[in-house]
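Next comes just one chain, in structure tokens: the form predicted on its own.
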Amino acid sequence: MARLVIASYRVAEPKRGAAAGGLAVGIADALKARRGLWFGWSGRTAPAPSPEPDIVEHGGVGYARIDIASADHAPFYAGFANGTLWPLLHYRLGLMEFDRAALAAYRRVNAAFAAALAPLLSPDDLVWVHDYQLMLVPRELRSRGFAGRLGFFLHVPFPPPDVWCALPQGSALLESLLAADLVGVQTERDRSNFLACCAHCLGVAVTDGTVVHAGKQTVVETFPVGIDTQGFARTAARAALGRAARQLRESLGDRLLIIGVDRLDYSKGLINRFLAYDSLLHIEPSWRRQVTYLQIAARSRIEVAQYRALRRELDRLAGRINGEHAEFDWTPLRYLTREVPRATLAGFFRLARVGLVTPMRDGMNLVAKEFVAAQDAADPGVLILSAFAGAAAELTEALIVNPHDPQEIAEALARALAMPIGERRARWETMMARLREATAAAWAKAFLDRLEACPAP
């Protein structure tokens, strides 16, 4: 069995492993089975990038991490990755900022990753590069002589040509991704958009999901990311009996709970979500004092101006909603901007009548799947889900809404809160059965099986 080498911007702490959630859940078993190597950033900066990574081994898996040059980290991360690529990939051209110096830093960081990784590789390794921070790594690895099988997976959406073409020098990023043998995306929409961009921007031949560029074939396929469904369900059942969940339950009294859990990001639709809840309390006054909305939105990327502006607006809205609707013994909106442990969140999900997941655009949105997995089969809650989250293609029994219309979200909230238990159970059982099959481990296996089936370069 070929060794698996994962390259990503962030690397899980070796002792935490899959407990960290996210990417670690999907690749943990594959890394252990193949005695793999996980390569990425150390979390530190230095005057110059590390020529060689620090490598530690834990549980049969190697963890290799490098420092990023101090002068490059901010323009690479806050500048090009999250100031340019993130809004572009989420269709938000009005928020995209482009600076050639930031692009140059992005190139240098990707080159530094490849320079430190290439000497660690063997020709028969399976190399799997992840996400928008490292889009130039495939080409950089090829230029350094790696000729083995190489895959790339994008965890965020991919936009259509009319959006992608707004990115100066965007063709270079497409050409780098086509240095991989397999490009994976979350949804059929993303796949179609990527193929259209290759045809439009590069003028290359696209046939049945295969792109031919510079004499090389690249397969583009859809691999929806899953979660550890059964593991998260067990965690939620335990956490619902724990101290934090008990305190939350006691604070609610007999009130129903609406919950939202997101990073504090403009792609998550938080402003319209707050407006929708405000609208619910106006148009359905019978729900006053009968429901509490808990929104957890951990701060992220505070060095990016748009994120600071978003937080100010959410602070203002939360204050207005509570000032207008609260009673001396009822706070309608509870709004937290700090991290909450994943296990605690699982218990909170299990207590909630409604999970509110309404991103403006999302690659998949695993919170939606975790909410479903956390539910009590005897009395499950209702998921309200944006039509523009990748999970909407799988979780069709959720109440699907347009996140651009707060009134539509408010109507879905009223429907979810009043939904009879028979309908709640039927919807939940269908979604849960699907999630038991489409797990994180199944996602990783499907991608690696397809990568191994690609012709040797």
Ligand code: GDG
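Please read these numbers as outputs of a predicted model, since none were measured by experiment. Counting begins at 1, following the sequence as shown.
One more form of this protein should be noted, the form predicted in complex with this ligand, which is absent from this view; the next part is about it.
Proximity to this ligand in the predicted complex, taken as heavy atoms within 4.5 Å, picks out 150 to 158 from the listed stretches 243 to 251, 150 to 158, 279 to 287, 112 to 120. Three-residue candidate spot 81, 178 and 218; no residue lies within 4.5 angstroms of this ligand in the predicted complex by any non-hydrogen atom. The partner is absent here, but in the predicted complex a heavy atom of 339, alone among 188, 339, 313, 376, sits within 4.5 Å of this ligand.
With the partner omitted here, the residue from 363, 184, 269, 138 that has a non-hydrogen atom within 4.5 angstroms of this ligand in the predicted complex is 363. Although the partner is absent here, residue 367 is a contact residue: one of its heavy atoms lies within 4.5 angstroms of this ligand in the predicted complex.
Contact annotation for residue 298: at least one heavy atom lies within 4.5 Å of this ligand in the predicted complex. For the chain shown alone, residue 384 is not a contact residue for this ligand in the predicted complex, no non-hydrogen atom being within 4.5 angstroms.
Proximity of residue 86 to this ligand in the predicted complex falls within the 4.5 Å heavy atom cutoff.
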